[in-house]
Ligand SMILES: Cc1cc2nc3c(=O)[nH]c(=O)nc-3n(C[C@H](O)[C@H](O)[C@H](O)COP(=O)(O)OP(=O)(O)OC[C@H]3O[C@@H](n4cnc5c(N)ncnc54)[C@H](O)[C@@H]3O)c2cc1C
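Shown here is one chain on its own, the form predicted on its own, set out as structure tokens.
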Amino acid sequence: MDKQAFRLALGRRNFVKMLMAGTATGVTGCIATPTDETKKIIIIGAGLAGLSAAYELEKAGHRVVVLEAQERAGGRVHTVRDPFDGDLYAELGAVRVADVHFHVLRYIEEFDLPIIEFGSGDPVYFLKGQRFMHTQDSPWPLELTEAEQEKGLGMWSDYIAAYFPDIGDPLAGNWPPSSALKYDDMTMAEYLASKGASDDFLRLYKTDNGTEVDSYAALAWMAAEVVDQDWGTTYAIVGGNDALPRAFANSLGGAIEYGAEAVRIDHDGLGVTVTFVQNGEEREVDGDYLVLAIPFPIVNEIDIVPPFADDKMEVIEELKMSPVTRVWVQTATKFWQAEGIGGLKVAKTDTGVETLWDVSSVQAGERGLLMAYMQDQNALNMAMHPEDMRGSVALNEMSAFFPDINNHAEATYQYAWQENPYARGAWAAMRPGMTAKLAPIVARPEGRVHFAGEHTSVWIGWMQGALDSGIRVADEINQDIATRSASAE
């Protein structure tokens, strides 16, 4: 897709929004802040947060060293092509790009990556043992209130958007306001119930948003709803979303040290030293600044000398990661289309496999690829089975609403993010009571150590959040350099 077609695909409104990126967040919007001083900056983690920080800092004239414990860049943006046939591939992590995620779209254009839109369509539902498709004028076979029957998931405007004034602007520096604090100690499910949602509406809502609704903090969830409220169209990068971290990594060249696992951080007012293990050998690297762009459970395993401030260390220990397990089923054809089933989420259920996504809709070929997306307890339940059994367990669950799926299945693949030793989960697990406490602390620098990652952004769990944080820390460091330089004059 050429750049003009890219702009047309996004629409003028969203492309302008992209160009204005950073106005609300106080960051540079993917434009490096010029600097007259070259510093050496160490970055731990080559996910999108660390990569974007390194990219922007290099553009600003600094020398960067990126330490990545794995043998690849991308972190939780990870595309797998084996064991699938043809051109099929599975996104183990990030699947979607929302048209309001201006950082992602800006970098996609900067690296000249082609994108493709996920199509629309109607899912099949399987709720309370009932299999059905829903049309606009037909009643829901659920015990809903009169308004819920009329609007279905359109109750978003009544239950969620109507309370945006309470939430305020999550991108403001003094967020959250006092009006939002009443939502801090409840889950999103409890929040919806407090607004009058019926039990069956909650059941329906979970089919669209995942069972994490039962454990995720309402305040953090609502903050994400506010910043993404204008989301209309959803994209993927043609050929796999890993094209984005590859583009960053290629631009950084030899700045990335792979297989380099950080084990100790020494820091003071003059600089930082990171001790890491690579190929069984312990090595050290010195720098003027450090960016920690890895999940807090991994930070918690690094020896930090001296420890950060007590409240920061408490947050690092407290913030865990959400369990997510996914199972993919390659099928000989996209058999569900014969029933008129379509869209990204082709099956929305209250079973153990939760929601099935048609991820082959943005891929080439006649074969299908369905992804069962399990969160929280369902994710843990699936992961209790041996890896080589998870595919058959998932197929058995799917047969309740796709009775012939075993006749169409050609291969399965599974992945549980909570089993990944470099992530320990899919995204930051914001639990009730944490949001207001973490907001002023989670991204706060500790001297010459800065913090990036989706967990430090309002866009938790999104590529947008990772990139937003990387741009922010690059700007923080440049501003700190300028401040120190001015004070020394």
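Quick note: we count residues from 1 along the sequence shown, nothing fancier. Being a predicted model, the structure only gives us computed values, none of them experimental.
Another form exists, predicted together with the ligand; not displayed. Remarks below refer to it.
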Practice task
Note which of I115, I298, I265, L142 lies within 4.5 Å of the ligand in the predicted bound form, where distance is taken over heavy atoms; exactly one does.
Solution key: I298
Handout entry: Residue among A69, V442, A436, V458 with a heavy atom within 4.5 Å of the ligand in the predicted bound form
Key = A69
Handout entry: Every residue of P123, L370 and A394 near the ligand in the predicted bound form, heavy atom within 4.5 Å
Key = no
Practice task
With heavy atoms only and a cut-off of 4.5 Å, decide whether E454 touches the ligand in the predicted bound form.
Solution key: yes
Exercise for the section: Could you confirm whether W462 comes within 4.5 Å of the ligand in the predicted bound form, counting heavy atoms only? Expected result: yes
Handout entry: Touches the ligand in the predicted bound form: H103 (any heavy atom, 4.5 Å)
Key = no
Handout entry: Residue contact check: W417 to the ligand in the predicted bound form, 4.5 Å heavy atom
Key = yes
Problem - Stretch 309-333 - residues with a heavy atom within 4.5 Å of the ligand in the predicted bound form - result: V324, R326
